[in-house]
Each structure stands twice: as structure tokens, then as C-alpha cells.
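Presented as C-alpha cells, the chain that follows is alone, the form predicted alone.
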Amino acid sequence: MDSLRNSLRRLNPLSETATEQSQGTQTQGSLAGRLRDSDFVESMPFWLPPTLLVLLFVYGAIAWNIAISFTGWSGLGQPEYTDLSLEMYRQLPADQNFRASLWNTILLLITFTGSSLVVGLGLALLVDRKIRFENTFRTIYLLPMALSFVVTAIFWSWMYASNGVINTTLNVFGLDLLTHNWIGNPQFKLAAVIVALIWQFSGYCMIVYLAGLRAIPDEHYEAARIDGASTLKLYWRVIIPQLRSSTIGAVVVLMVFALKAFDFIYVMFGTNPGRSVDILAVTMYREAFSSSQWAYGAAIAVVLFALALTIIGPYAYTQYKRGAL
């Protein structure tokens, strides 16, 4: 039978070729059908348009900003990409305004983040003690975060005014020596901004820590009490170390918001707030839009972008290694 089959194949090679082509066509057709019926293709109308928009208006804009920072573009005409250089970046270290704004940005990041975490943790520990009206207190503490930076800046500008709530309250209690021009004196400008931001975001830290506290098993509390741990040691050695993941997540969010504090300072002080409270975002805006130094403003924006990546990058990588991304 095998010899007869081989003889027929030698006599009619075209039929064998046609059979192979037919099988190949069926395979291609089934592959195309599987692709057409797959969830990936069926979901394309939902994820492809926003993905293209993000690539164009977010990552495309970032790439264009980086390209502009290597030119000398002033905002008029078209930028020249034929003669790229690092001149804008060489000017940054010698610029006193840039150095002051960089220092203020770092100081704002550290002070605002650390203080918000401490206040938020304290509020979470208080609320976690099963107090009455717990839901009411949680709502009151979290409500400021629902406000925009613009609303918060206007609200605290009224508070910091010479005849505002703070100075009026101090006068009522006979503490006239403590009254100050809080947003007019360069010594208090940055501190005034930090206090207002702590007020706005400490409620968020409270919610994050409260969720972490509620996730700790009761057995850990009971074991610590059986071992004779005092309340202070209970929190310091048992509870707070288990809030590490909550702390890291809150730190990333708070630092990102601190880098985005442009509108808060812009509403409170304008585009030229002075070196005592100037931050990178305000300096970038002033150089680009007020001084028409778009290339220099783009270089400052790249530094600000690098700071954001320094904050978000390690956290995103850690979450990816843990399989959370």
C-alpha cells in the first residue's frame, strides 16, 4: 500500500501541493478567527483610543519638552533642532533663583511629608480607639483633601491676613506679640504654605494608617500584652513596624502632591513669590511664560520630572517585583 501511495504521489504531484495549500489556508483562517474572537481584539475600541491620546499628549509632550531644553528657543517662531546643546543645563547651577527654588522644593517635600505622616498617624491612633462619632470625625478630617489647591490657598490667605482668624484669635487671648504678617514676611512664607498643606493632607494619612491598623490581627495585640508590653512599647515595637507599607504608599502620594503645589503658591503669592517660598514649578512657569525663556523653562521642567521619577520609580519597581503591578 505504501508503494502504491508513493507511486500515486509521483504521478500527481499537483494534488499533493493543492492539499498542503488547502491545509495552510485553513490554519491561517483558524488563526485569524481566533485573533478576531480574542478578548484583546474585542476590547481594542475601549483601550486603544485613550492609549493613543496618552502617548500623544503625555509622553509625546514630555519628549518634546526634553528636546526643547537642548535648544535656545524663546517661544517665538519654531525651535531649531539642528544645533542642540546643554547650555540651558549649564546655566542652572549658576542661577540663584533656581538654587533657591530647588532648596525650597526639597525642604517642602521633606517637611510637609514628614509632618503630615506624624499628624495622620496620631489621628489614626485616636480614631482607632473606638471613639464615639468615629465616622463623623473621619469625614471631618478627610474633607480638606476634597478641596482643590486653589480653594485651600484662598481659604488660608484669609486665615493668614493681618485681620484674619489667626491674628484675631491671638489678640483675643492677649498674645499680641505672636501676631505676624504670615504671608508677607519672607521668614514665615514657606512655613505658612507647609502648615496649610499639612491641614489639607493629614486626613488622607489618617485614612491610610487607619486602614493599616484595622488590618493588623488582634492576636498581635494580645500577644504583646501577655508579654507585658506597655502601651508605648506596644505601638512602637508591634504596631508601627507593621504600618511600613502604608507609610511608603502615603510618602509617594504626599511627595507627588508637594511637587504639584504650583497652583497653591501661585494663588497665594503670584508668579514672583520671592526666593523664600519659590519652588521649581513656579520658577519653571515664570521663566517660560513671563520671561519668554522657553528652553530654560523646559530645562527646569526636566529637573522637576527627574525628581518625580526619583520618587515614583523605586516605588513602582518594588511593586512590580512584588507582583502588585
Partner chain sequence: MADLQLDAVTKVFTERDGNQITAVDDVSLTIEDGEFLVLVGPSGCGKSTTLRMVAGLESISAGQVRLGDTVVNDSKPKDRNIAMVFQSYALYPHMTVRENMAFGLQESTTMPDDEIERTVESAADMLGIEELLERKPDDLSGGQQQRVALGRAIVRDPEVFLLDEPLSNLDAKLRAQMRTELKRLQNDLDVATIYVTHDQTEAMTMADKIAILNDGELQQVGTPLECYHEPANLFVASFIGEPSMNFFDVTRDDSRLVHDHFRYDLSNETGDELASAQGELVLGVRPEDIDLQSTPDGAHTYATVVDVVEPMGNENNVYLTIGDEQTQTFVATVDGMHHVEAGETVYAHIPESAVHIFDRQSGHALRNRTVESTTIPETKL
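Source: prediction; values computed, not measured. Residue numbers count along the first chain shown, from 1.
Beyond what is shown, the protein has a form predicted together with the partner chain; the following relates to that form.
With the partner left out of view, is G174 within 4.5 angstroms of the partner chain in the predicted complex by any non-hydrogen atom? G174 lies outside the contact set for the partner chain.
Wondering, does R214 line up within 4.5 Å of the partner chain in the predicted complex on heavy atoms? No - in the predicted complex, heavy atoms of R214 and the partner chain never come within 4.5 Å of each other.
So in the predicted complex, does any heavy atom of A223 sit within 4.5 Å of the partner chain? A223 belongs to the contact set for the partner chain.
Although the partner isn't part of this model, could you tell me whether R237 comes within 4.5 Å of the partner chain in the predicted complex, counting any heavy atom of the residue? Heavy-atom contact with the partner chain at 4.5 Å: present for R237.
Tell me which stretch of 116 to 124, 92 to 100, 229 to 237, 186 to 194 has a heavy atom within 4.5 angstroms of the partner chain in the predicted complex. Residues of 229 to 237 come within 4.5 Å of the partner.
Going by heavy atom distances of 4.5 angstroms or less, which of T169, Q242, S74, S162 would be at the interface with the partner chain in the predicted complex? Contact check passes for Q242.
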